[in-house]
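Below sits a lone chain in structure tokens, taken as the form predicted alone.
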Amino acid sequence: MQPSGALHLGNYFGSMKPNLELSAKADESLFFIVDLHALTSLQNPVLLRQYRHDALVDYLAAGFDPKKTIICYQSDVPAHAELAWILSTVAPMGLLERAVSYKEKVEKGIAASAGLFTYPVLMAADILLYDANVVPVGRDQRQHLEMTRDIAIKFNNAYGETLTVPEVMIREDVAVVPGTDGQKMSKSYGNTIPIFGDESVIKKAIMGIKTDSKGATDPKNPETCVVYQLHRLFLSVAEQKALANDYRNGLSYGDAKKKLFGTYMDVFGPMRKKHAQLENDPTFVEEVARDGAKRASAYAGKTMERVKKAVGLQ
């Protein structure tokens, strides 16, 4: 998770929820607050410190168990940057030039730095350091994971079987979450709905979701309505069908948004309570980060030994 602002609904359903579900089944899982990645778009040290702390609190409040899962700040494990450099010596320029995310970010006004261009290499290091078998991501991250696989294969072809080539896991049903304007929900688009923000801010975001011009009692198509597309993420199949029928029978957009807001607060209520408790215990939060970095470094160190031996640095 990149610490670039408040956790929002897209982060939760596109990444955090499937990660939580997978970690419950896995022997061990690793999660990182990728503060090194954040430097490509955020050059404010005060904000970065705050954002990365907030991201860790968000993870813990959402249900991540630091006793079962490893969670820490990316920069607290120097091997991420070290492996990224070694991988950059085998990563083809043509591969990086095809990165859609880089082009989109530059078009959105983010400076075209070398760090932004080589972002996929650092992402590959984040994954390959830990011999990850499976990496769950949103559909929009598929290309980056495919690039990770390509880089690992390229390295293994050059130096022998050293790195584990990971599989990509995509939750097709919730991989892309629409924002309040109908585009993909993203902090950079300013169309997010926060999870742990003030209740008034959440309500304002939900009530401001873009809809068409149909009248209050006109039948509406739920499949093309952003309000419904967001609401269904919280519901069972039977509940989705019942709500869709309400839309077709003339549910007003105002009432639909109020329904969504109610469900939103019910579902995230327990997490919001835990979030408030964690904010009042910063010592515990930082202890979690330090312990996670220590455990992650033990894994990373073993991988770096193999890598350095393979390339001739040991």
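Since we're looking at a predicted model, the values are computed, not measured. We call the rigid core the largest set of C-alpha positions that still match within 1.5 Å between the two forms. Residue numbers here begin at 1 and follow the sequence given.
One more form of this protein exists, namely the form predicted in complex with a small molecule; it is left out here, but the text below deals with it.
Trainee: Could you spot which one of 77, 83, 225, 185 gets a heavy atom to within 4.5 Å of the small molecule in the predicted bound form?
Mentor: Only one listed residue qualifies here, and that residue is 185.
Trainee: In the predicted bound form, does each residue in the set 8, 140 and 177 place a non-hydrogen atom within 4.5 angstroms of the small molecule?
Mentor: Spot residues vs the small molecule: full contact, yes.
Trainee: My question is simply whether residue 292 lines the interface with the small molecule in the predicted bound form - judged by any non-hydrogen atom within 4.5 Å.
Mentor: Outside the cut-off, so no.
Trainee: Tell me, yes or no, whether residue 297 is in contact with the small molecule in the predicted bound form, where a contact means a heavy atom of each within 4.5 Å.
Mentor: The answer is no: residue 297 has no heavy atom within 4.5 Å of the small molecule.
Trainee: Indicate whether the small molecule has at least one heavy atom within 4.5 Å of a heavy atom of residue 15 in the predicted bound form.
Mentor: Close contact exists here: in the predicted bound form, residue 15 approaches the small molecule to within 4.5 Å, heavy atoms only.
Trainee: Have a look at 186-194, 120-128, 94-102, 68-76 and name the one stretch with heavy atoms inside 4.5 Å of the small molecule in the predicted bound form.
Mentor: Careful reading of the contacts points to 186-194.
Trainee: When the two forms are laid on each other by their rigid core, does residue 90 show a Cα shift of 2 Å or more between this form and the one not shown?
Mentor: No: residue 90 shifts by under 2 Å between this form and the one not shown.
Trainee: Rigid core superposed, CA of residue 121 - does it shift 2 Å or more between this form and the one not shown?
Mentor: Shift of 2 Å or more: no.
Trainee: So, superposing on the core, is the move of residue 230 at the CA at least 2 angstroms between this form and the one not shown?
Mentor: Comparing forms between this form and the one not shown, the residue 230 CA shifts at least 2 Å.
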